Ligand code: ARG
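One chain is shown next in C-alpha cells, namely the form predicted on its own.
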Amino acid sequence: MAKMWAGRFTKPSDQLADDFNSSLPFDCRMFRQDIRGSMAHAAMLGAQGIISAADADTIIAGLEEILADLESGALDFDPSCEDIHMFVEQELTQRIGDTGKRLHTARSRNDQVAVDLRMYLRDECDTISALIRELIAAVTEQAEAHKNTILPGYTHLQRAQPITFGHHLTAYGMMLARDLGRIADTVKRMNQSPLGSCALAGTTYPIDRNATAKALGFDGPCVNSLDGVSDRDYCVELLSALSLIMAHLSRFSEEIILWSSWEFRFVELDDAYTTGSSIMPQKKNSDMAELVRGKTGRVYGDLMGMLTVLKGLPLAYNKDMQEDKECIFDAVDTVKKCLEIFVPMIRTMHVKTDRMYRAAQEGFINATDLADYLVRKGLPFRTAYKIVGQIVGHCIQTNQVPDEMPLSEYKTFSDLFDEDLYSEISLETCVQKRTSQGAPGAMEEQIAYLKQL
C-alpha cells in the first residue's frame, strides 16, 4: 500500500528502510490516546467550520468503531503501517471513504504524536501513583503493627542506636510520599496540549487550540508551536522520578535481602515471593527483591538513553525523537511491575521480633544513653563518653551486654552508677524517651501523615 506521504517520491522505500523506520510495534499501545486525540480534533474542525459538521460526525463515529474493534480484539494492527497514526487514518479511510482524508486537516504527525505521548504518560502516571499509594498503605500497616518492635538502627552498616521496626519502615514511607509528589509535579508540566502546533509553525486554518486542550483534559495549549512539537522535558522529568522510585525500592530491597539472610533473620518473606535452588534444597532466596534491585539499573539506563537522544537536537521535530518511546515505555512498565510485586511482598512479610531485639541487645546501641546517664549525674560528656567506651570494651571481653552487667562491675568504672541505671538504659526506655518530632518515640504523627496520602 502506498504511503500517505508518498506524493513527491518516484519509487517505494526499501523494505529494510520501512522496517527500520516503523514505530508501530511499540507506539501501537497509544491507540486509545491517538483515537481520542483525533476525535477531539475532528470535533474542533467541525465546530470551526473547517470541515462540515456532517463530516466531523462521520469521522468521530468511524473512530469510535475502530476504538471498539481494537479493544475487543476484532481488529488487528496492520504491520505494514508506519505508525499508530497512519494505521488509524488508513483504517478510517477504508471504512468511511474520502471523508476520512479530511481528518488530518490542520494537523501534523509531529503534534499528533506529542499529544498522544503526553496523554498516555499522564494516564500511566495515575496508575503508578495508585500503586505507590498501595505500597505506602502496606508499609504503613506493617509500621503500625511494629511501632514498638525494637530494632537496632544502623550507620555505616554498624549497629548504632535503638529504634523500632515501625520507625524504620516509616522512613521508606516518607521516600514513597516524595515519589508521589514528584509524579504529580511532572504531570503539572506535562499537562499542556501541543495539538495545533502542526509540523512546527502552526496553521493558517482558524483552529481553536483551547477547545481541543479542554476536550482532552489539558490545562491549556503549549504557548510556542516549535516547543510544542520538540519538547520532551516531561519524558526526562518522568524518567527521573521513576529512577528515584527505583532507587528507593532498591534500597528497600537491599535491606529485605539482608534482613532475610541467615545471618540477620530479622524477617522471613512469604514462600509466594521467594524461590529455591536447583541444587541446594535448603535455600530460600529473596529473588523478587533481588530482581527489583537489578531492574533499577535498567530504569537508570532509560533515563540516560533519553538524555542522550535529546542532547544536541536542533529545533523542531527530528526522527531521533522516535527513540523516546521505547525508553519511557520500558521504564514505566518496569516500575509498575516492581511496585505490583512489592506490595504483597511487604504485606505478607513475617517479622521476627525476638531476633531484632536480641540484635539490639548485643550491639551496645544503648551506649549513648549510658553516657547521657552519667552526664545527668554531673560528669562532662567527654568524660562520660570515655568511661562508657571502657565499659563496652569490658563487656566485649567478658561476653556481656550493658543491660545485664552487674552493678558491682559498673561501680568499678564510676561510683555514680546506681540501680536506676538499668531502667534508664533499657532498650524500651531508650526508644520511648526519644519523642522529638520524627523520632521512634513519636510514631503516631508519622503514621497519620502516611495514612492521609
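Each residue number is its position in the shown sequence, starting from 1. These figures come from a predicted structure and were not determined experimentally.
Beyond what is shown, the protein has a form predicted in complex with this ligand; the following relates to that form.
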| item | value |
| --- | --- |
| Proximity of His156 to this ligand in the model of the complex, heavy atoms at 4.5 Å | no |
| is_contact(Gln432, this ligand) in the model of the complex, heavy atom dist at most 4.5 Å | no |
| Val113 within 4.5 Å of this ligand in the model of the complex, heavy atoms | yes |
| This ligand contact at Glu89 in the model of the complex, heavy atom, 4.5 Å | no |
| Sole residue of Arg209, His168, His85, Arg107 within 4.5 Å of this ligand in the model of the complex, by heavy atom | His85 |
| Candidate from Tyr234, Phe252, Tyr317, Phe364 lying within 4.5 Å of this ligand in the model of the complex - any heavy atom | Tyr317 |
| Candidate stretches 67-75, 182-190, 318-326, 338-346, one within 4.5 Å of this ligand in the model of the complex by heavy atom | 318-326 |
| Sequence-ordered list of residues in 397-434 near this ligand in the model of the complex, where near means a heavy atom within 4.5 Å | none |
